[in-house]
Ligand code: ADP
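Below, in structure tokens: the form predicted on its own, a single chain.
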């Protein structure tokens, strides 16, 4: 007998569904609605609207509702057994906010299955568009909140992260300052995750601790709304926020709109939705101490499970609530795949040629170091992009190829040291994670095995796994997190790479050299050339022995 669980992901560019059968531990259905292609009448670009200033980035919440109807319509047309789905949870792009007026609650309680969601919900918004994570227009508001709370270290201690432009609190403050009348007419401010969950539930859904931590409004220690942070953001804000709940909370059953229209069972359970990052934590199996993930995409992301609360008082990393009830760390590096592509394109290489050059050059790169700030960087903070090369120039393809890859993973290791739990296993996702040669460098620098997964949407998969875990707990089948994730994910492992223990000390010394180079360039530290020459000599001696 099948045991089906549905995970949804309302991402930047589309809405995805994954159905997992936990009896056979298989993904049996995957569906996607792409906003640009399938809902092109909204005229989005990669799912968003980028304003003329280049830093204000919004999306249309009505589009997400139309996508939900279309997604379920496609599933129903394909004869998916919707009535056998036991539980649903979801994921959404983190930090985005949705602003609703006093008609919202009544409207979602009385949805008519003979009409579509977008038509019925059209006039329930006090703000027609929603700022999303790509928006960076709130620097002024970030600074104001920071000052009110006593500086960035106090903000980190309180909320787990420094104030960042994309975070919900600064975005809410900007709305209050720029459109005070519309702010006053706003009865409820949802995150995208809780907004989408509300539609399925038929009433306002709560915000879970994972997504709530990405707002600069939740106390990271108590997992409660923090009154000081709320008062620093906007007046009467507490009255406009949904309650907070644990991520495994069963928030109710699916509303009649979806049972009558699409054939879901009225007994289908709904589990609190969360942000894409906490869901991806589960989707790649990070449920025990020492497990981290490296996601190689447009930006590169390093995130991991934390058994204890650690904070980054440099303000580079973030701490969110994990669906397990613990914590997760997250560090984002903007110079990811686009930086690798800069080197590939500079020398007119194919990715195959790029990989071969990694294989043909020695670990440590003979002491040649790159600081790869092709674009403005957030970790470490580099506002004026420039590529720094120590010991080589921009004309040697082999050295540049190894330099960019080593630099990216050295930077990850350096800027994740604030996490007090050493990485013992790395799970790799994202487009470049399929490149075995790139991931071998990661295994060697971190001195840790790297599991490469065949995953297309770890956030939706994580939501489905979360739904299963909460359901089983509710029926007294208390399967632990490693048990429920490993049974599924072991079938999705494409390859495991192991570190070369013979170069462990080499990369430990290279990390110290990389830190000296960064300190010299960004903070005026001592010239690293003496240390680089010493390291270069060690590399040359080692290379001659091989």
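So that the term is clear: the rigid core is the largest set of C-alpha atoms that superpose within 1.5 Å between two forms. Not measured: the values here are computed from a predicted model. Positions refer to the first chain, counted from 1.
If you look for the form predicted in complex with the named molecule, you will not find it shown, but the lines that follow are about it.
In summary, the region of this chain contacting the named molecule in the model of the complex, judged by heavy atoms within 4.5 Å and restricted to 145 to 153, 119 to 127, 232 to 240, 429 to 437, corresponds to 429 to 437. This chain is displayed alone, yet in the model of the complex one of 361, 187, 204, 337 has a heavy atom within 4.5 Å of the named molecule; that residue is 337. Residue 296 is the only one of 218, 196, 296, 442 with a heavy atom lying within 4.5 Å of the named molecule in the model of the complex. The named molecule is not drawn, but in the model of the complex it has a heavy atom within 4.5 Å of residue 351. Proximity of residue 341 to the named molecule in the model of the complex falls within the 4.5 Å heavy atom cutoff. After superposition on the rigid core, displacement of the C-alpha of residue 345 between the shown form and the other one amounts to 2 Å or more. After superposition on the rigid core, displacement of the C-alpha of residue 197 between the shown form and the other one stays below 2 Å. Superposition on the rigid core between the shown form and the other one places the CA atom of residue 327 less than 2 Å from its counterpart.
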